[in-house]
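Next up: a single chain in structure tokens, the form predicted alone.
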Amino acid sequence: MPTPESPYAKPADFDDYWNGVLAELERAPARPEIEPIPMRETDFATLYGVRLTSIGPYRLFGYLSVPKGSGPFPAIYWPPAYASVLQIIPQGTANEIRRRFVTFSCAGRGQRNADKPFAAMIPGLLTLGIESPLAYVFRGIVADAVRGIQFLSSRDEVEPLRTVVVGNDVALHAVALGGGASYLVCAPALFMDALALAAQTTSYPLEEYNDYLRSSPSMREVVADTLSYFDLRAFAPSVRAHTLLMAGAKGSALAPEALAPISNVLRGGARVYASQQSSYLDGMFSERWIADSLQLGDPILPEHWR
């Protein structure tokens, strides 16, 4: 199990690497195109399809939902997830959340609706280009996540101090690099001492690392070097948002104590929650944390949770 004492050497050129990504992003105008999607409109929210340009250049897609009425409103941003399909809001989330929040979900390169000219293979995406930090596909996906939060932050409908970013490791990457959020809910899964975690599992997506190294064992040091640029331990000190870390269950590889190297250095402070291995209990905790943090009263919950 990873521990606070696990060895990690931040690359000497870590800052140069990510400053280069941000500079490349700055040179790529977002050029947003926003079109309403009438069939997804409700009596309380309007939905838009959004096209944005990220580094490459690469054209992204997102769903922007804006409550009807006078804003600004609190906002929730779901950056690119490790999935092939983009949803308006995550499956199981109450659609009523669109009444209270501006929501924006962003498809990174390769995901559905952002899959031209590149369509991601899952499993397989986690090791694409891993032979080099400059070629690794997640270099672009993290940039995509930053571009998404930049877009959301630019919207007049959004309260800048009441924006929440929710996701996995890429959510933390985006907040560390791009700011734009006062609150972060992160469930680490991909880049926390990745090879050590992969050695303890046969489950995907981490098994992708094992598959790759079984076929190319001589590449272990190269893979480890690439992943060192994405390790959450290097990003955590730059996160100023109030953070909820959704840890694994007690005794698991990502149990709360394994996340101490992150939680102990987050500048905005952190609440660490140990999974109860129940989507209901874990989801309820996350939703209540968001509602309490934003002082919204009771959270909006799916009907099957009420």
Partner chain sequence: MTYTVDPSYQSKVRKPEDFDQFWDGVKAQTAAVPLRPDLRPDPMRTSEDVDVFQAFYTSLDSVRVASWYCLPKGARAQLPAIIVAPGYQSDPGIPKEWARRGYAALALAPRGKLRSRSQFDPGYPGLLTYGIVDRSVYSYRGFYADAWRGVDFLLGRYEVDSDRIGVTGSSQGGGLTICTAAMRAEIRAAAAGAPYLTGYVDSIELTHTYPYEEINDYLRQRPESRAQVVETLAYFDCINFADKITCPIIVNIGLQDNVCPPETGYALFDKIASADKKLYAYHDQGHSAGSAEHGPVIVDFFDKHLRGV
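Residue numbers count along the first chain shown, from 1. It should be emphasised that the depicted structure is a prediction, and the values quoted were computed from it without experimental measurement.
This protein has a second form, the form predicted together with the partner chain, left out of what is shown; the following refers to that one.
### Query
If contact means any heavy atom within 4.5 Å, which of 160 to 168, 138 to 146, 112 to 120, 231 to 239 contacts the partner chain in the predicted bound form?
Heavy-atom contact with the partner occurs in 112 to 120.
### Query
Does each of Q87, Q277 and L281 have at least one heavy atom within 4.5 Å of the partner chain in the predicted bound form?
Every residue of the candidate spot has a heavy atom within 4.5 Å of the partner chain in the predicted bound form.
### Query
Can P29 be called a contact residue for the partner chain in the predicted bound form at 4.5 Å between heavy atoms?
The answer is no: P29 has no heavy atom within 4.5 Å of the partner chain.
### Message
Can you tell me whether Y8 touches the partner chain? I mean in the predicted bound form, with a 4.5 angstroms heavy atom cut-off.
### Response
Y8 lies outside the contact set for the partner chain.
### Query
Is P38 a contact residue for the partner chain in the predicted bound form, using a 4.5 Å heavy atom cut-off?
Close contact exists here: in the predicted bound form, P38 approaches the partner chain to within 4.5 Å, heavy atoms only.
### Task
Indicate whether N95 is a 4.5 Å heavy atom neighbour of the partner chain in the predicted bound form.
Contact with the partner chain, yes.
### Query
Pick from F151, Y212, W78, F73: which has a non-hydrogen atom within 4.5 Å of the partner chain in the predicted bound form?
None of the other options qualify; the answer is Y212.
### Neighbours of the partner chain in the predicted bound form among 228 to 246 [non-hydrogen atom within 4.5 angstroms]
Result: empty, none.
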